[in-house]
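The data below hold one chain only, encoded as structure tokens and taken in the form predicted on its own.
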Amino acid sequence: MSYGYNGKILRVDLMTKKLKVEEPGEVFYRTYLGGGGLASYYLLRELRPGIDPLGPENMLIFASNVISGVPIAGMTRYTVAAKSPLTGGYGEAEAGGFWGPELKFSGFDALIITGKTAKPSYLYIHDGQVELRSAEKLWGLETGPAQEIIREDLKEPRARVALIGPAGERLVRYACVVNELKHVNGRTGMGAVMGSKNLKAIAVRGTNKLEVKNLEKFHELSKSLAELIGQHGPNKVLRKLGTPNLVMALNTQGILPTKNFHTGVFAGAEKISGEKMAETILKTEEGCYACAVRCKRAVEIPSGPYATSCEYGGPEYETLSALGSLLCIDDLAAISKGNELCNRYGLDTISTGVAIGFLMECFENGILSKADTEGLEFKFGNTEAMLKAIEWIASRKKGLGDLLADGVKAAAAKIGRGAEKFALHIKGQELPMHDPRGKTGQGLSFAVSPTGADHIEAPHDSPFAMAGPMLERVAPLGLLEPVPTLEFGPRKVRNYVYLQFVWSLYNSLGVCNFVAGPVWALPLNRLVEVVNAITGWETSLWELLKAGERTVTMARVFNLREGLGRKDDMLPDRLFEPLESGPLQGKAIDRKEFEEALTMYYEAMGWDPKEGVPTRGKLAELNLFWLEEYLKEKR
């Protein structure tokens, strides 16, 4: 008997309407855990290299894991994965909320979708039953109305719905998947893949309860974690201000992305801060299934030009920067409206903001003119232009909307005339709102992330720059000495390698980064106890970290076979240029140091130092030698 998971994976072929349930054994689950690990396995095993990401042959995987769904804080996240239409490589995005646990209550740990329906459809999964229903009346609707109609159609108000908006239907390459209108699988364009399959939504409802091996120990751990969260200083701040608490912190450090990464200081930072949000438009604090942190913000603006509904949550830090400081916009109400529009249409706010920043810089440098922008002045600070651009992108409006909907890499290539230097992306995915010129490990993280630039590939540098509680939390990894944020050498590479394994493990186990160490309340060794109590496995931190490393390596192999390599593990030129103002004025990533760190990272991973190809010995050590057939031509 399995504990903590169902042992069942559902397959749905949308073209033939055939269903199949697979029941992998314990060895499979213990090797891959779920989430990114499970998704990587199936994409590598079954997806033919070179396929069109928006073609029917792409697979779309929704994967929970072996522990989510039991009532314990911060272990509710699930993964959506496919070949990315934005990067052409490995695509993966996580989200919290309630959808992942509900999938497990319905009887399945993961869902693998292939093919394409002839007409718009949605899936309904409930207590082991599966229905494919018509979504023709839903197609074209925003996420809110579509979710409401689905629940009415099913006569099930408690159904959890993951769905796409008009942006996904129109194949915007950074469209996202949204559940509960506010929890978002945001990056790598998973909403576009869903739209390419004519799949509007997946509704799930379940009444099954998951068995726990050691119930007494589990209850003890669940209670202990709730108490830890209540006492933990950083988690208290997160409860009070949510991720918007980062606005002022990063601005003070001089690394708040401003004016398309020209500088790290924004004069209007206080106006868009978490503190200002709490004082003015915050309606309520919300959370995910069984979570004691409640870091989600729900804002409300009852009337006026930026009237905003709390149904769609509120802007996280990334959005406040992407639609705010990055564009030199300091109007919190307008940014909140932009966030609502993105959640209504199903757009990744990070890529959307960077696309608009790219457009503004092209406009200010004379590459684009009013003739291209319908008379609008797309200058930094123009709130009207920001909101209009969101509408254009989501609808793929002919001209700039259609151009930006393919991402800044493709847009710059089409525009030419020097526009490339304003397109801030890695592997085709737009930069998140963190500046590596003030935390060098983040530069390495952005560059080698298999999904393109990603801010949650590993913990950021700051917590480990000085002795203290956060550094103590990584002591089980053997990371014992502070490493300054601006240092870029062997110690920084070592830190990043180990911590990348941890973050990869969290993505496979569905663990929220805002609950677990090194920054937050749950210590690493306690996580081992949680897995043991739920599953009954006599596991260890060593085994779990190897699962994290295994997932990183599988994603690397996926990218290699799709033609990505060292040339793609590169930062945009702007990050090698000095910051123009603020406490770190004049600071830049040193190109030579970066190249040396990249080589050292490959070597530390057991990969070929020239192109980052995993060695045969490393594949064998990770029980991944079955991947050797994909790498023969790379050696």
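Residue indices: 1-based, along the sequence shown. These numbers come from a predicted model, not from an experiment.
Keep in mind that the form predicted together with a further copy of the same chain is not shown, yet the notes after this line are about it.
Colleague: Quick one: of Met248, Ala292, Ile149, Leu471, which gets a non-hydrogen atom within 4.5 angstroms of a further copy of the same chain in the predicted complex?
Modeller: Contact with a further copy of the same chain in the predicted complex is made by Leu471 alone.
Colleague: Note which of Leu54, Met600, Met570, Leu44 lies within 4.5 Å of a further copy of the same chain in the predicted complex, where distance is taken over heavy atoms; exactly one does.
Modeller: In short, Met600.
Colleague: Check Arg30 for me: does it contact a further copy of the same chain in the predicted complex (non-hydrogen atoms, 4.5 angstroms)?
Modeller: Flag for Arg30 set to yes.
Colleague: With the partner left out of view, is Trp139 within 4.5 angstroms of a further copy of the same chain in the predicted complex by any non-hydrogen atom?
Modeller: Contact check for Trp139: no, nothing within 4.5 Å of a further copy of the same chain in the predicted complex.
Colleague: Please determine whether Glu286 contacts a further copy of the same chain in the predicted complex, using a 4.5 Å cut-off between heavy atoms.
Modeller: No, Glu286 sits far enough from a further copy of the same chain in the predicted complex that none of its heavy atoms falls within 4.5 Å.
Colleague: May I ask you to check whether Pro476 falls inside a 4.5 Å heavy atom distance of a further copy of the same chain in the predicted complex?
Modeller: Taking the distances in the predicted complex, the answer for Pro476 is yes, it comes within 4.5 Å of a further copy of the same chain.
Colleague: Please name which of the stretches 579-587, 601-609, 61-69, 44-52 has residues with heavy atoms lying within 4.5 Å of a further copy of the same chain in the predicted complex.
Modeller: Within 4.5 Å of the partner lies stretch 601-609.
Colleague: Taking heavy atoms and a 4.5 Å limit, what residues of 531-554 are near a further copy of the same chain in the predicted complex?
Modeller: Going through 531-554 in order - heavy atoms within 4.5 Å of a further copy of the same chain in the predicted complex - the hits are Glu538, Thr539, Ser540, Leu541, Trp542, Glu543, Leu545, Lys546, Arg550.
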